[in-house]
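In structure tokens, the next block holds one chain alone, the form predicted alone.
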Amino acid sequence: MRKSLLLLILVIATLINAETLVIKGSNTVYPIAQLWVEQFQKMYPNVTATLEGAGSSTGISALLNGTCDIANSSRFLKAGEVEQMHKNSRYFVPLVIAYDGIAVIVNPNLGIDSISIETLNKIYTGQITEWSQVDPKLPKKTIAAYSRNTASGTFEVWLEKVLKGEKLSPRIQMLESSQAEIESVAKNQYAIAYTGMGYVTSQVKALKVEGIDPTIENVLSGKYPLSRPLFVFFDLSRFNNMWPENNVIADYIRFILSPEGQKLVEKAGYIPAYGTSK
């Protein structure tokens, strides 16, 4: 009886002291966040963290409506999101946590090594529909072009850097995740897609863009034309616009920006924003 009572007291104490951390957003940042959450929960066993990766827009929307603590994003806030943030008397703090290059991927059997921004623009706006139009040496086969969906921050950056205000062709097949892009390109010899460089596997081939490889050095130097920062946002207004110091969000932020947290960025295949040596 006493043992049962003691066990009940311990369970109640654990529940009272337990904390939750809800993280939503970018599919690109998801592999990094998975490693962060796994290690963070080892460090803070009283924290229950949940992680969803359905797109940058979904994370920012969740932060706006108060259903998450941290929003992962592969893009900065849109003007409309900033307007809504101010309207709701909120203040989202952007933290650059990594750098990434958007890799243009094709099937390894296609026979192409490099592509230009202009050609990508013409493929994704529907002006080029066959590979022989890209290079006469390539097969006269229809290009199967894939894109992330509109909730994706990667999609937003692609619109800015490649489409440059032009309309995406209805021929383009929209996919829900970066992994779906990898799998689709791996199965189709005549496919093309784009994804965060951390997702690239041996199943696909990352092309040079404007003759520049998507390498760590080229992304950091800005030579690679499809480079971008990756973000984490949190709502400072929850803490009376004072930097949080003694709660689970503050602990998580300190961890992901620490050398240990930044080493996990590197492990996930991305480029740390800060030093990784202690």
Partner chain sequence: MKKIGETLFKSIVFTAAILVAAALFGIIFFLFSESLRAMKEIGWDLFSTEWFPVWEKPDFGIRTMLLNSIILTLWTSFVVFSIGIIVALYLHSYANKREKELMLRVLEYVSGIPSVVLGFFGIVIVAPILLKAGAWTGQNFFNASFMLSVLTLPFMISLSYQSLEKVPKEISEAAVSIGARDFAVMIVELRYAMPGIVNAMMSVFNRIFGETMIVLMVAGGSNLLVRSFFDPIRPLTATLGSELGEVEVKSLHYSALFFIGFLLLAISLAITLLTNYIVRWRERWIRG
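Model, not experiment: these values are computed from the prediction. Residue numbers count along the first chain shown, from 1.
Heads up, the form predicted in complex with its partner chain isn't pictured, but that's what we're talking about next.
Chemist: In the predicted bound form, does each of 143, 146 and 170 have a heavy atom within 4.5 Å of its partner chain?
Modeler: Answer is yes for this spot.
Chemist: Just checking whether residue 187 would be counted as a contact of its partner chain in the predicted bound form - the rule being heavy atoms within 4.5 angstroms.
Modeler: Close contact exists here: in the predicted bound form, residue 187 approaches its partner chain to within 4.5 Å, heavy atoms only.
Chemist: Within a 4.5 Å heavy atom cut-off, is residue 183 in contact with its partner chain in the predicted bound form?
Modeler: Looking in the predicted bound form, residue contacts with its partner chain include residue 183, since a heavy atom lies within 4.5 Å.
Chemist: Residue 135 near its partner chain in the predicted bound form, any heavy atom under 4.5 Å?
Modeler: No.
Chemist: Taking the shortest heavy atom distance, is residue 207 within 4.5 Å of its partner chain in the predicted bound form?
Modeler: It does not: once its partner chain is placed as it appears in the predicted bound form, residue 207 has no heavy atom within 4.5 Å of it.
Chemist: Just to be sure I understand the contacts: of 200, 174, 96, 93, which is the one whose heavy atoms reach within 4.5 angstroms of its partner chain in the predicted bound form?
Modeler: So the residue touching its partner chain in the predicted bound form, by this definition, is 174.
Chemist: Counting non-hydrogen atoms within 4.5 angstroms of its partner chain in the predicted bound form, say which of 85, 106, 151, 128 makes the cut.
Modeler: It is 151.
Chemist: Heavy atoms within 4.5 Å of its partner chain in the predicted bound form: which stretch among 113-121, 72-80, 85-93, 175-183?
Modeler: Answer to the contact question: 175-183.
Chemist: Work out the direction of the Cα-Cα change for residue 175 and residue 55 in the predicted bound form: closer or farther than in this form? It's 3 angstroms or more.
Modeler: Farther apart, by at least 3 Å.
Chemist: Kindly indicate if, in the predicted bound form, the C-alpha atoms of residue 151 and residue 31 are closer or farther apart than in the structure shown, bearing in mind the change is 3 Å or more.
Modeler: Closer, not farther.
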